[in-house]
Structures are given as C-alpha cells and as structure tokens.
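A single chain comes next, written as structure tokens; it is the form predicted on its own.
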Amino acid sequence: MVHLSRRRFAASIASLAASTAFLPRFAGAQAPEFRIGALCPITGAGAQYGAGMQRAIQFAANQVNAAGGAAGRQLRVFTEDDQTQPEAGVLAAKKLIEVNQVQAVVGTWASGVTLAVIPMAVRANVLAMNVSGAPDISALHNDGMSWRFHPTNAEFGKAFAAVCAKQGYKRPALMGFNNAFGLGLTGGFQAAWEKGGGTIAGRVIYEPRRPSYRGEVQEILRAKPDVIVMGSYLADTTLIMREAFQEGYEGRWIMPGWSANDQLVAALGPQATEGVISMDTIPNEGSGAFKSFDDEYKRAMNVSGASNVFAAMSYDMVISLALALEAAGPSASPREIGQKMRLVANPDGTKVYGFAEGKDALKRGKINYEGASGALDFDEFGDVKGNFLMSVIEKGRLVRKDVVAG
C-alpha cells in the first residue's frame, strides 16, 4: 500500500510539472489574443465582394501579427457569412460574440445587416465596423463603438446629383430598393437635386425578391424621364433594365458600381447596357497603404485590389483597429480602443501608411493613418468622406470617365 501511494505521488508530481510548463503562455508571458469577427456577405447580393473582404481582413491581421501584434496582442480572425440578410447577420453576429467571444465585428456590407448588428454589438461591449451607407447608421456611433469606412448614401446621392447636372439631365426619376440603402441613396439624390433647383420627374420604391417589376417600370416610364437613378442591387437591376428595354425606354441610367458592372453586361448584353453610368467609391490608389493592400489582394484573389473597394475598406478596418489598440494599450477595453481611432487616423498626426510604420511612429505621438480606401478622417459620427469614380459602359466595357470629390 505504501509502495502504491509513492507511485501515485510520483505520477501526480510529473503530471503537475507537465501542466505548469504551459502556464506562462497564458499567465503573463504575453497578452491574450485580440479576437476579430469577420462578418462579410459571402452569399446574397453582396457576394461579389464578400470573399475578397474576408481575405483582406485576414491578411491585414497577418501583417499586424508579423509586426509583433498590437500592444503585444496577436490578432485572431473568426469568419461568418451574413448572407446579405439582417436575420442571418444577427445569428452570425450572436455566434461571433457569444461563442467565439470576439471584441470587434467588422465587415458588414448591407445597411440592413449593419443596423441590426450594431446595437447587439454595443450591448456586448464589442466594436462594430462597417462599409454600409444608410444615414441612420450615424446615430449608432455610441461614443466610439461604431465606425463606418464607406461614405453615407446621402453622400452617394449628392455625387449622383452632381453627375446628372454635369451631364445636362433635366428630368431624373428615381427607383429605389425598399430598404435602408435604397431609400437613403434616392433620398440623398432628391435632397441634393432639389436644393440645386431641380425637380424629380417621378419616384418608385419597389419590394425585394419579385419575379417581375414590369408594373413599377411602366409607372416610372410614364414620368418620361431622361435618366433613371437607381438605388439598387445587381439582381433587381437586371430585371428592371430588361423590362424597361422591352418597353422601349431609350433614356439613360445611373446606378451604384455594384449594380453596373461586367455581370450586368453579361446578363443583358452590350446594346441594353450602352451608356449606363456607374458610380462607385474609389480606393486611395496613390497611397502606400493601397500598394501594400493591392500586393496582398493580387496574391490572394488573382485580381487587382482596385476591383474591390470594399476589400480595401475592410483592410483599413483591421489596420486602424490595430493601431488604436496599440495606442490604447494591452489591457484596454473595446470602448477605450474605439476612443483612440481618431488619434491614429485623423489629422494632424504624422502620416503613416501601414501598421508597422504606425506602431513605431506612435512612440513619438499622434499619427494619421492614410488608408488603402481613403483618407479615413472620421467625423463626429464615426463616418468618412470619399471620392467617387464615374464610369460609363461603352461597347460592353466599363470606361473610367471622371472623379467626383466627396
């Protein structure tokens, strides 16, 4: 009995020694990892951008980790698909927050998803970063807990109105998807157009997932517009344009870049899409941050980073978040990290174009991260301005024409 107890005692000591050999990794040798939830539209209306956004979030995190982490903390990315649907987005965010225990949810694209996710993130003391446009998102900034890396739809609408005026159109009519995005863009256009003394020929708000929009098309054509301004996605745009073409409409169209693209030409053909004006935010192609992003994006996706401005914005989310974490310190809460965002992104700090450079410059004071997607000068609502690229479909190809300053 004595011999057996000694054997058990020796085994227990060996087991304890083996287990405590791993304790320093968690008990103080280094700060705990910082967990990020990438909630992107892998399927649904935003699917053409979602995979690239998700990859950009991951390779931005890799860059931060390669530079020693942010405030000594390595970044770990968990991924979920919001399906470009609020209901699915809420369920995915719930998993990221409650199961994966992330401290930031980044990459929501559709305004409906973002509006649903931000309140639950804030309640859980989790940062939320998005590329959505609905004006209502500005009210959810909540003392630095929500940050938008895309111009508002009101700003988009102003840019549309500026292009319409420059092109000499007199009778614009509006067709908008019945959600926060569609209402925000067409509403922003109308406000800017009427402020400039113009009048709207007609306006139709339409419902999602309809097999046909012929009635709505006939209604808008009765207004006899010379241009139809769309607050739309690719699938509904394809149906509406096909039916308008069949009705004999010969006027022009102006719409977001995620609707007027190569896929639209492939679906409708060069004749039906000739002259369509595409408006999109444009990356900060002259910056060092864009070069770093572009190099990684080409390796990951085999196409230029300029093809996915939302991926550039997602990349900037991680870099600016990591710089804010570096500025706040290893034990900072998400709210404390959010309160450092302007310190690392807004003038008048030292301009930097990447995490490693910014991390070093922070030792000497305030910095101004100039991102791959834009200047990232956040206003009091956590919103940014942006420049807009005007392209025109000519003979089946998108041709760059002009840049409209935000």
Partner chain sequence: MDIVFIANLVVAGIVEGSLIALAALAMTLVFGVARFPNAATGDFMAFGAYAALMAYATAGLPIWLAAAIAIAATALLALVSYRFVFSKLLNRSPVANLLASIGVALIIRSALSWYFGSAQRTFSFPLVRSMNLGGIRIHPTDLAVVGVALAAMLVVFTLLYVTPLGRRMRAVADNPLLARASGIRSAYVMVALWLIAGGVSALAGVLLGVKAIVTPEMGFDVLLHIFTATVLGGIGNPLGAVVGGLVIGIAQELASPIVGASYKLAVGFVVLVALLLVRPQGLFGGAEVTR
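What you see is a predicted model, and the numbers here were worked out from it, not measured in a lab. Residue numbers count along the first chain shown, from 1.
Missing here is the form predicted in complex with its partner chain; even so, the following discussion is about that form.
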Is there a heavy atom of D81 no more than 4.5 Å from a heavy atom of its partner chain in the predicted bound form? no
Although the partner isn't part of this model, could you tell me whether A154 comes within 4.5 Å of its partner chain in the predicted bound form, counting any heavy atom of the residue? no
Within 4.5 Å, heavy atoms only: does Q263 come near its partner chain in the predicted bound form? yes
Wondering, does R210 line up within 4.5 Å of its partner chain in the predicted bound form on heavy atoms? yes
Looking at A67, A375, A47, L343, which has any heavy atom no more than 4.5 Å from its partner chain in the predicted bound form? A47
Exactly one residue in G275, G196, G215, G72 has a non-hydrogen atom within 4.5 Å of its partner chain in the predicted bound form; which is it? G215
Within 4.5 Å of its partner chain in the predicted bound form, heavy atom basis, the matching stretch of 184-192, 235-243, 313-321, 112-120 is 235-243
Sequence-ordered list of residues in 371-395 near its partner chain in the predicted bound form, where near means a heavy atom within 4.5 Å: none
